[in-house]
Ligand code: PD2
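Just the one chain here, laid out as C-alpha cells, in the form predicted on its own.
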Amino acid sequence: MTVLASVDAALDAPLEHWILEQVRAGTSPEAVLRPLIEQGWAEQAAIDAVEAAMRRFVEQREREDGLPPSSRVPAPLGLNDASILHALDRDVRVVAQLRHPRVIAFSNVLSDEECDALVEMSRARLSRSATVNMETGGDEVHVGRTSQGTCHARGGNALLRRIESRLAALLDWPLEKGEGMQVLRYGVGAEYKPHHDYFDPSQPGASVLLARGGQRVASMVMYLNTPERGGATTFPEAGFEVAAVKGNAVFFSYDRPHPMTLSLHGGAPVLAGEKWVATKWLREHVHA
C-alpha cells in the first residue's frame, strides 16, 4: 500500500484502491484512517480522502447500473439526534424516524388555530384533486386519488408566510425551494393509492415540471384534523404508517427519482369522519 506523505497531495489511484479494499473487507473507519494519519495526513484531510474515494466508487457503480444521480435533500436531523427542534417560532417534537426510507414523524408542527384557519380558508375553494400527467406535464383527475383539494400560492397571506418560514427553519431548506401549499380534504372512503412524489425523468412531460425548480426531493404532510378512524399515511415497502393527528406531520425525502428510495407512500382510506391535510413539496432549486 502506498500512502501519501503530504497532507496536501492529491488522492492517487493506489491509495484510493487500498481504501476501497479496506471498506469491502469490513475494516473499521478508525483502522482505515490510522495509516494515513501516521504518514502525516491531518485527521480531517484523511477523513475527506476516504469520503471522496467512497463517493467516486458509489457514483461509478450508479452510472454502471443506469441509476439517476442523487441530489442533496433536506436533512433536519440525524439518527439518535435531538428530540425537540426549535423551528423559528415553535418547538417541534420528534416522534419517530426511519433511516430507509428516510421518514420523520413530528408533533406540534402546527397549532390548533393554524390548522383550523387553513381548513376554513380552503373549504370554499375545493375541487376534485388532480395528479400530474407525466405524458404532458399537466394535471388530470385520476381514479387513484379521490380527495378534494386546492392550492395556495407560496407567501399568499400572513398565515402561509408564517408556516412556510417555520418549515424552512425546521427542515433546513430555503423557503424559495418550496412549492405552494396544497390543502386536501378526504371524506369517508376517500384515499390516495400508493405513489411516488418525484417526477419520472423518462416521461415526456418531465421537462415541463423540472423547468420550474428541478426535481422534487422531499415532502411534508401536515394533518389539520384527527379523523375518527383511518386516514394514515402509509409506506407499504417499509411496513410503516403515520397516524393522522391534528397538528402533527410526516416528512420524507428521496435523493433520486427512483423506487430504490422506498419513498412509495399513500393516504389510506378514511373509515370514519374526514381528514384534512396540508402538503408542502420541496425542490432541488428555486421554484418559480
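Residue indices: 1-based, along the sequence shown. Everything numeric in this text was worked out from a predicted model, so none of it was measured.
There is another form of this protein, the form predicted in complex with this ligand, and it is not shown here; the text below is about that form.
Colleague: For the chain seen here without its partner, which of 40-48, 62-70, 25-33, 258-266 has a heavy atom within 4.5 Å of this ligand in the predicted complex?
Modeller: Among the listed stretches, the partner-contacting one is 258-266.
Colleague: Among 108, 165, 97, 182, which has any heavy atom within 4.5 Å of this ligand in the predicted complex?
Modeller: Going through each option in turn, the one that passes is 182.
Colleague: Any chance residue 192 has a heavy atom within 4.5 Å of this ligand in the predicted complex?
Modeller: Within the cut-off, so yes.
Colleague: Does the 4.5 Å heavy atom contact test between residue 197 and this ligand in the predicted complex come out positive?
Modeller: Yes - in the predicted complex, heavy atoms of residue 197 and this ligand come within 4.5 Å of each other.
Colleague: Would residue 233 sit within 4.5 Å of this ligand in the predicted complex, counting heavy atoms only?
Modeller: Yes, residue 233 sits close enough to this ligand in the predicted complex that at least one of its heavy atoms falls within 4.5 Å.
Colleague: Taking any heavy atom pair closer than or equal to 4.5 Å as contact, tell me whether residue 19 reaches this ligand in the predicted complex.
Modeller: No, no contact at 4.5 Å.
Colleague: Looking at this ligand in the predicted complex, which residues in 252-288 have at least one heavy atom within 4.5 Å of it?
Modeller: Going through 252-288 in order - heavy atoms within 4.5 Å of this ligand in the predicted complex - the hits are 265, 266, 267, 275, 277, 279, 281.
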